[in-house]
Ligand SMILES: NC(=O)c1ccc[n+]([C@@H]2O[C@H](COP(=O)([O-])OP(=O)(O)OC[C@H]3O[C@@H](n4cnc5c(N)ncnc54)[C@H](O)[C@@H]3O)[C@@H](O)[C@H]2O)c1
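One chain comes next, on its own, written out as structure tokens in the form predicted on its own.
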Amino acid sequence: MPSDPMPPLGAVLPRHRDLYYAGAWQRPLAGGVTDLTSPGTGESLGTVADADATDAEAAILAARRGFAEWRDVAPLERAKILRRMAQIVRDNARDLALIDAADCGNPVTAMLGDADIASAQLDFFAGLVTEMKGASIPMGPNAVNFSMREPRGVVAKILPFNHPFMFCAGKIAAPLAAGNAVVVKPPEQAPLSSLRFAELIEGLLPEGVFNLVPGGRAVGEVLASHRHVAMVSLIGSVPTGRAVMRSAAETIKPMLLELGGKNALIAFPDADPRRVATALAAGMNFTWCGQSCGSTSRGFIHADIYEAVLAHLREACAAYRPGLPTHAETTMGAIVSRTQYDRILDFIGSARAEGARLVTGGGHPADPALAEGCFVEPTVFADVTPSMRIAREEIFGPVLAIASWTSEAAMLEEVNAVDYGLTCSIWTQDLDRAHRTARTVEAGFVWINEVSKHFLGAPFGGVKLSGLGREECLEELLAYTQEKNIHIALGPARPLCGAGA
């Protein structure tokens, strides 16, 4: 965080609160608006347009026209535009971070990191535009056969509330690099940074290539089912993923889904208890209140180091202090909404009732300055059994469930018993054990002696109910293309000039 003071919030909020499509700001056709409230303070952030199905259809029509132009822009020229977008993100990182802190509740310092990630993704996919390659297939002397990759068309992006700006700017990079047009549905709870991003890049892309439609379920249903949307991408909950799949089935369109997680951190007896405790706290993503699909919310700690890890874990959790999200010193933000806040407290109550041992946290912080906000302390329960709700259900909040184990086979069976399979973190100094465990766990992304980090170029995604497809890699770019095969029959061989002379 820079040492100079942050600008006033009112100076950085978006001036436009409407829809953005066809290269212009548009009023919602039915005139709907929705109120926004800051989860950290309970204060009003004003209103924003609430689109309906007719608005979504208008944006899709605009995107079709934009796609017709954008697909023919040379790949390297598209890359130049993406890099300019990345620089715009870097130049406005502080303002965008402050908007997200006020709107979604994550600490402003962490949101600066989100801006770095978004700009890196734009640069990364700009660098891959020449890798959308086909192949030639040998057919003998009388034919030429080759494949080529083409953009799909209009891509719908349905985004969640936990990283609003990062997902808006970063997740459009791959489809735009591939030559598609995008229609983005920002999160209902926190759309302001997406609106500001649209203001910042206005005029950079051909009209209709980037479109933004704030709204609720009706917008998502149209984007998923519309026959002129070629592909839909969702980051969200499993129920929302199922709804999108049902809608998309009407037009048999491909999907990229990053859904829920109930991820495990496994510690073997040779792991250092202090390092494991630090990893448990970091992997839980307490900074943004555990509101992350990839959070390692289940800890499986060998009995030999169990109590030592718990003792260090209290200290590790103390580094995450709930505070006002817009303050630079805050290390843990607010829950995004009152509804989600109440849901998390219900899970905490069920853990107490079912006999889990509270290690730390468990309630609203005592600081009077936080009384009006949706804050929950970093919460850790020990002695958790498989039958407890906090062991089975995704909470999407700052609640960590810890269990002790002695039988490796029984532990791994329990790790894989849930229907999710996004991430897993394994802690051991035994290389053979680490490799074998990584092969056994049912997860799409595994860390060994590491946690929480993503790496551009490394495919990120889940198995089972945690989703479909892979992101942050070449495979993501290729997913936004479709392969076409072209066969050319050659005419009879002609004699060379002067042959036989």
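Remember, predicted model here, so these are calculated numbers, not experimental data. Residue numbers run from 1 along the displayed sequence.
FYI, the form predicted in complex with the named molecule isn't displayed, but the following is about it.
query = Can you pick the stretch from 278-286, 232-240, 72-80, 201-209 whose heavy atoms fall within 4.5 Å of the named molecule in the predicted bound form?
reply = Answer to the contact question: 232-240.
ask   = With a 4.5 Å heavy atom cut-off, would you call residue 188 a contact of the named molecule in the predicted bound form?
value = Yes - in the predicted bound form, heavy atoms of residue 188 and the named molecule come within 4.5 Å of each other.
query = Is there any non-hydrogen atom of residue 306 lying within 4.5 Å of the named molecule in the predicted bound form?
reply = Although the named molecule is absent here, residue 306 would stay clear of it in the predicted bound form, with no heavy atoms inside 4.5 Å.
inquiry  = Given that the named molecule is not shown alongside this chain, does residue 396 nevertheless sit within 4.5 Å of it in the predicted bound form, heavy atom to heavy atom?
reply    = Because a heavy atom of residue 396 falls inside 4.5 Å of the named molecule in the predicted bound form, the answer is yes.
ask   = Can residue 258 be called a contact residue for the named molecule in the predicted bound form at 4.5 Å between heavy atoms?
value = Residue 258 belongs to the contact set for the named molecule.
query = Of these, 180, 121, 162, 379, which has a heavy atom no more than 4.5 Å from the named molecule in the predicted bound form?
reply = For this set of options, the contacting one is 162.
task = Sort through 176, 195, 154, 422 and report the residue having a heavy atom within 4.5 Å of the named molecule in the predicted bound form.
result = Going through each option in turn, the one that passes is 422.
message = I have 158, 167 and 460 flagged as a candidate spot, so tell me whether each of them has a non-hydrogen atom within 4.5 Å of the named molecule in the predicted bound form.
response = Verified in the predicted bound form; spot residues all in contact, yes.
query = Across 55-69, which residues bring a heavy atom to within 4.5 Å of the named molecule in the predicted bound form?
reply = Stretch hits: zero.
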